[in-house]
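Next comes just one chain, in structure tokens: the form predicted on its own.
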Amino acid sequence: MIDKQVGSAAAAVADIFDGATVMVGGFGEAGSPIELIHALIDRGVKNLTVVNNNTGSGHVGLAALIENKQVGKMICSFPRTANSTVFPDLYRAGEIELELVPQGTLAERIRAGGAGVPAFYTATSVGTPLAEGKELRNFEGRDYVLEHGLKADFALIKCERADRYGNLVYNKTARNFGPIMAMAAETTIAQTGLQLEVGAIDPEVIVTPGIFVDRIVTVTEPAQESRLVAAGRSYP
């Protein structure tokens, strides 16, 4: 087995390129890989397509990546939340694209991409603007819209515990998108708060097996997005 540990967040994201599609874990700060995102900001890549549940908060993390104009397109479910001001302003100015996807559909599109399923039908969005231009089919008297699986060049995710083989255990809602993003990306980069020896994690509680993970970086005291936002912090 390969030791997947890397020495820093900067080294972990060093090959992310201009125009890449990047899935970013989240669903709350339990799954938001702040240090990896900030390393990506430092790298300076441009024209990224980012897949996330939302568009970040305040002026740190994903919101900071967007504010630095490194993201050309967002694929997400909630482009505006309580503390998101960066994306709405850029979107109204025509400086960033948006593909709006219902949350359940977004999760299933990512899961399908990771499972090798190219497309599926769902009743969600039928009869709404989100279904315009998409194929419709009727099954047992009900209309369904065709949605395509989502894949990415890279996934940046956050876990609670990991070993050097890349076996991951998540904290609370980090599990909502982290595992499926790990499966759907060509290269999965995970930051962990705790690095354990091989065998220290009970195989019965491993959520993401190491086969889906390419790099692990340990961040023992990860930043908490809510605290950074409350303090009015920004990055860089």
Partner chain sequence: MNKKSSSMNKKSSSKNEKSGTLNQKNGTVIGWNREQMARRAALDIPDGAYVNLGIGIPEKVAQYVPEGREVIYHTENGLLGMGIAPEPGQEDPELINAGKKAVTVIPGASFFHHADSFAMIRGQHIDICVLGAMQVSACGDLANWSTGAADAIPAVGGAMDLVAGVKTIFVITQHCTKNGDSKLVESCSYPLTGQAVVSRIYTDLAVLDVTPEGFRVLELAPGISMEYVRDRTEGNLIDGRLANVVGA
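What you see is a predicted model, and the numbers here were worked out from it, not measured in a lab. Numbering follows the first chain given and starts at 1.
Missing here is the form predicted together with the partner chain; even so, the following discussion is about that form.
In terms of contact with the partner chain in the predicted bound form, the residue from 48, 30, 34, 64 that brings a heavy atom within 4.5 Å is 30. Though the partner is left out of this view, residue 83 does not reach within 4.5 Å of the partner chain in the predicted bound form, counting heavy atoms only.
Put simply, residue 189 is far from the partner chain in the predicted bound form: not one heavy atom of it is within 4.5 Å. The partner chain in the predicted bound form is approached by residue 224, whose closest heavy atom lies within 4.5 angstroms of it.
Of the heavy atoms in residue 203, some are within 4.5 Å of the partner chain in the predicted bound form.
Heavy atoms closer than or equal to 4.5 Å to the partner chain in the predicted bound form belong, across 203 to 223, to the residues 203, 204, 206, 209, 210, 211, 212, ordered by sequence position.
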